[in-house]
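Next up is one chain by itself, shown in structure tokens, the form predicted on its own.
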């Protein structure tokens, strides 16, 4: 194990010869949440707030691709018949149209619809894992645990939206499963800045009780130093 020296705490990464690795989990960077006309804007949110994290997310993706490290893109959505969407989820939010109904970007949060696709700047490349998920957390009713085991991933770097909902839920699920987690501060966003700030403080409280946080630049510099020059 070797610590990322640029971080203000000892976040140890597995050495390249250990057989273990670090994976990037990019959470739900979908049109439905980030673009006008999607689920987020129909809830009355200012979606431009989420767009602010796209450049840092791009930087992370580029670094992981050049280093040959595994990348997993999660995608919240449901089957067309909504058989995997509990009624309690459909009734949430101040919507006249809800999950499964038609909106400007197609049926809301339904797999295969235009709004459920990734924003163009963050489209997955061939060979990268696309992980549909029906819930907030990426481990619920998905093969994420099996995928990470196959990669021998012991450490996760997370970005995506929204910070306090799907990102935090996934990070807490990962922490319970024994993964060391780092949330990249400028590669995640919320419709509510105070919720993002509170989440960052919660996950790193009490000596990193859920995980750590760092900027994209610090994270990438640490990866470069650990795994080699990009």
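What you see is a predicted model; the values in this text were computed from it and never measured. Residue numbers count along the first chain shown, from 1.
One more form of this protein, predicted together with a small molecule, exists but is not displayed; see below.
- None of 60-68, 178-186, 165-173, 199-207 except one has non-hydrogen atoms within 4.5 angstroms of the small molecule in the model of the complex; the exception is 165-173.
- Although the partner is absent from this view, residue 28 contacts the small molecule in the model of the complex, with a non-hydrogen atom inside 4.5 angstroms.
- In the model of the complex, the small molecule sits within 4.5 Å of a heavy atom of residue 136.
- Contact check for residue 54: no non-hydrogen atom falls within 4.5 Å of the small molecule in the model of the complex.
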